[in-house]
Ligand SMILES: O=C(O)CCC(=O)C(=O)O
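Starting off, we have a lone chain in the form predicted on its own, written out as structure tokens.
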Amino acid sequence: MTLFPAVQEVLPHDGSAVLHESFLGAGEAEDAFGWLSEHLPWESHELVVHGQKRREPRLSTWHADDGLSYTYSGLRRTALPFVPVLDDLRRRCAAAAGSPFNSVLVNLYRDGSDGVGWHADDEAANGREPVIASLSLGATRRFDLRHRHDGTRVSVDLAAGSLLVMSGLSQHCWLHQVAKIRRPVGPRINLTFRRVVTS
């Protein structure tokens, strides 16, 4: 038995996105989802998208070491401290990704009407070629990637307990999204661990 079964590279070129399909077992993923959904102080924010203020179509929390802040889409996030559950997941995701993390953005997609549009995590605070570990809990949602230049598209279903590690040129050459869907779907929590290099 391997430590991380069913590991596959998702991107065909220009960066890396490695999927660990069963990073957490089903019971462990369910327990983590239940605790986080009940105990994190979920927030709703307005973002600036294409020059217009829009309500973020999901709930979120931002946790980091030493009060690190993070700014994206015109929104400056002040960090909450790591709680033990997040700290344990951070340690394990860092080991799988081969990279230290000092922060995590946690998103709660309440149903299919919540999502995130095409974007890249290419803010200067993430560094030149960031390693971002994206851990999924709860309902399965489709994750789409689109190459900025040649239009290549890749889609993968991110189930509970799966871990997607994006690195190299992935944030420079690819955009990604979690599209809104009309069919009924349960809530999903996504944790994106990263290393903020500037505040």
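Counting begins at 1, following the sequence as shown. Everything quoted here is computed from the prediction, not taken from an experiment.
FYI, the form predicted together with the ligand isn't displayed, but the following is about it.
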Query - Contact test, all of Leu40, Thr61 and Phe82, partner the ligand in the model of the complex, heavy atom 4.5 Å - result: no
The ligand in the model of the complex has a heavy atom of only one listed residue within 4.5 Å, and of Leu24, Val18, Val185, Val178 that residue is Val178
Exercise for the section: Could you confirm whether Asn107 comes within 4.5 Å of the ligand in the model of the complex, counting heavy atoms only? Expected result: yes
Report task. Report whether the minimum heavy atom distance between Ser134 and the ligand in the model of the complex is within 4.5 Å. Result -> yes
query = in the model of the complex, does Asp121 have a heavy atom within 4.5 Å of the ligand?
reply = yes
Exercise. Answer for Trp174 alone: is it within 4.5 Å of the ligand in the model of the complex, judged on heavy atom distances?
Key: no
Contacts from 10-26 to the ligand in the model of the complex (any heavy atom within 4.5 Å), listed N to C, are none
